[in-house]
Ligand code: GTP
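Below sits a lone chain in structure tokens, taken as the form predicted on its own.
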């Protein structure tokens, strides 16, 4: 069984975290998101994976190579300019001679792929679309189906009063290869707006597969943090001890430091005296945390240094960041790569600070 992962997006809503890396490569529990996806597919014996790339493709290729170190075979196919979800798969058509899975490269899910494939085969479907319930379907694509789960209609981002269901397109598909014949070559085209509605209108067997399995897209800072919290709190099938503390490799953690899980600390970290680290939190490799600092529900990427008496609460701090003594990083704030925050500064709630933000220059000059 082959799988296509659509990993070409720029991740604009995740900026500045995606200024220097594709969205699929942002770290989750100190490993790239895409590595978690590959592990998930391996669990279903799907080890022939084709990656549709566009934005910063070398970042992914340099990390994964041919996939052999990760127990899979990877094929890379580039698109330039972006071709949309369907156009990207059409671009891979020469590699797809049997029924295959398609995954959006920013979705984390516990969906049972074996059950979905059995349903697809039982119904004789050309396309099966995974569905998931959400509280607010107006920001997604709603899928209406009959009592036998055959798709009847698609409504993209309906207004609250127009949404007849809360079941949305979950970004996982099973597709028969002949479906690709209906997609124009080298043209921008999407499954959601063009291909799937056309197939339904022409009477092709398109089915939905509802599931209440864990599901989240990491397209925003809030959801990026939420996925960390859910993983660390054991809310997904990928379990982590609810109060566990994992220290990867050699670290210098002062005896007077206080660690409260769930918590992951990367290798080669230095954590000073009287530091408090409260979970759910993640600290990346090669970080230094100065004396009397507080990290509370935060995600800190690798090679970052926090000075003394720094407070970081409910925030994301990216790579190679320096935060001066006595500074405060407030709830919901995001510091991009290489940001420097001077001593005694307060980064207010929900502030985004990165190389694409004018505040970055001010902060760097402190």
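Positions refer to the first chain, counted from 1. Because the structure is a prediction, the values reported are computed rather than measured.
Form predicted in complex with this ligand: not shown, discussed below.
The three marked residues, 9, 12 and 52, each reach this ligand in the model of the complex, with a heavy atom inside 4.5 Å.
At a distance threshold of 4.5 angstroms between non-hydrogen atoms, residue 266 is out of contact with this ligand in the model of the complex.
At the 4.5 Å threshold, heavy atoms of residue 261 stay clear of this ligand in the model of the complex, well away from it. Contact annotation for residue 286: none of its heavy atoms lies within 4.5 Å of this ligand in the model of the complex.
In the model of the complex, residue 79 approaches this ligand with a heavy atom inside 4.5 Å. This chain appears without its partner; in the model of the complex, the one residue of 158, 205, 197, 84 with a heavy atom within 4.5 Å of this ligand is 84.
Note on the partner interface in the model of the complex: the residue among 275, 127, 88, 131 having a heavy atom within 4.5 angstroms of this ligand is 88.
Partner contacts here mean any heavy atom within 4.5 Å of this ligand in the model of the complex, and among 100 to 108, 225 to 233, 276 to 284, 113 to 121 they occur only in 100 to 108.
In the model of the complex, no residue of 277 to 297 lies within 4.5 Å of this ligand by any heavy atom.
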